[in-house]
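Just one chain follows, in the form predicted on its own, and it is written as structure tokens.
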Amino acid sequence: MSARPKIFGHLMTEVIRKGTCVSCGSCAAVCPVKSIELDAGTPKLVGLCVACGMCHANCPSVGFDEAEMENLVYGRVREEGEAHLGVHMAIYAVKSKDEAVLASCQDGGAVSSLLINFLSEGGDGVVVTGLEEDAVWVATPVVASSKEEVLASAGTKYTSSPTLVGVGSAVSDYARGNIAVVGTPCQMRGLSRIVTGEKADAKIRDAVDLKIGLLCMETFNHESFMEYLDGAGVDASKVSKFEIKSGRFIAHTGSDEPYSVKLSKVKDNVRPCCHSCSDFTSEFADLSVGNVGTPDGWSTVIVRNERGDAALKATEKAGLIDVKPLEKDDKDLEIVTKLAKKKRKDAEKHLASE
């Protein structure tokens, strides 16, 4: 006799009340009767639970087995040389050749360029993180289908967005059948479960063609983050770009001197769930992209599988990007490995203290 599935009540007890929910939206995306919605980042049951177990089975914060997922996604587990960065084929420095992309992007424009080429090759939608209208720096998932829409959502938001709600919407509401998804490590873990796990969602699985993960140390709680900026005399409504560089948090407001403080000054705004996350490099994406490990104005791109390799090569062939191979012993890459090791060590220490 098979065991009864764990349902939303178990998710509430094991994840939400424990403060380990990452607000990715996977539970809402896979609920077959649309009975789960996110309220200020927290999943709520708003209708009848049919006890299917989809929400619990696809949550990245409960019972996630890295080795099992590596076998499902890549057909093998990481080798000794991949201990800190995860399964991968190669690493590159990438920079867009498009001035419009460079003017809008966070760093080298690799993600925007990959998405623009994906759409030009027949993709009918990309799920990215934009900002809510009539709100101040409130991140929200966006289903983009043009270069202009991609560039409108370019740039790092540093607060969480329920990206997988956007994935579910792209498939169910927008009827997109060939999509790319950009997300943080926790979101890539949730998406990987949705498309390859024991209780995979067939419609989403068939629609997702490309997964682009972001290098991510942590994200901030929106409410406390806005309160912090206000207390520091920064008008968030005037901020055009946030960035973290050389151990400093920087907010660009259009003035000659941007607001800049040591990163430690904003650490109190980190979401509690981030403390138990051990994944810095989005280990379960096709491509992982970040701004550390390469010179200013370039993006570090980790190619993890054949799909990611094909996407990068196609974007280069289309003349949209410059690509330079990076060797594993490249000194610039040491910071990527260092941060990946630190995040895993910090997560293990945090979990051991609970």
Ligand SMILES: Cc1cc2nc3c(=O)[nH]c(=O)nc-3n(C[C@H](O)[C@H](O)[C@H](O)COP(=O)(O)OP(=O)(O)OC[C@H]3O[C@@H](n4cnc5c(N)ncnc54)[C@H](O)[C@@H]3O)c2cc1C
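Being a predicted model, the structure only gives us computed values, none of them experimental. All residue numbers are counted from 1 along the displayed sequence.
The protein also exists as the form predicted together with this ligand; that form is not presented, and the subsequent description refers to it.
* To do: Give a yes or no for Gly125: in the predicted complex, does one of its heavy atoms lie within 4.5 Å of a heavy atom belonging to this ligand?
  => Close contact is absent here: in the predicted complex, Gly125 is far from this ligand, nothing within 4.5 Å, heavy atoms only.
* Asked: Within a 4.5 Å heavy atom cut-off, is Asp201 in contact with this ligand in the predicted complex?
  -> Contact check for Asp201: no, nothing within 4.5 Å of this ligand in the predicted complex.
* Any chance Asp107 has a heavy atom within 4.5 Å of this ligand in the predicted complex? -> Asp107: yes, in contact with this ligand in the predicted complex.
* Residue contact check: Val77 to this ligand in the predicted complex, 4.5 Å heavy atom -> Because no heavy atom of Val77 falls inside 4.5 Å of this ligand in the predicted complex, the answer is no.
* Report the residue, out of Met217, Leu72, Val239, Val261, that has at least one non-hydrogen atom within 4.5 angstroms of this ligand in the predicted complex. => Answer to the contact question: Met217.
* To do: Would you kindly say which of Arg176, His88, Lys157, His222 lies with a heavy atom within 4.5 Å of this ligand in the predicted complex?
  => Answer to the contact question: Lys157.
* Please determine, with the chain shown alone, which of 284-292, 322-330, 308-316, 63-71 has non-hydrogen atoms within 4.5 Å of this ligand in the predicted complex. => Heavy atoms within 4.5 Å of this ligand in the predicted complex occur in 284-292.
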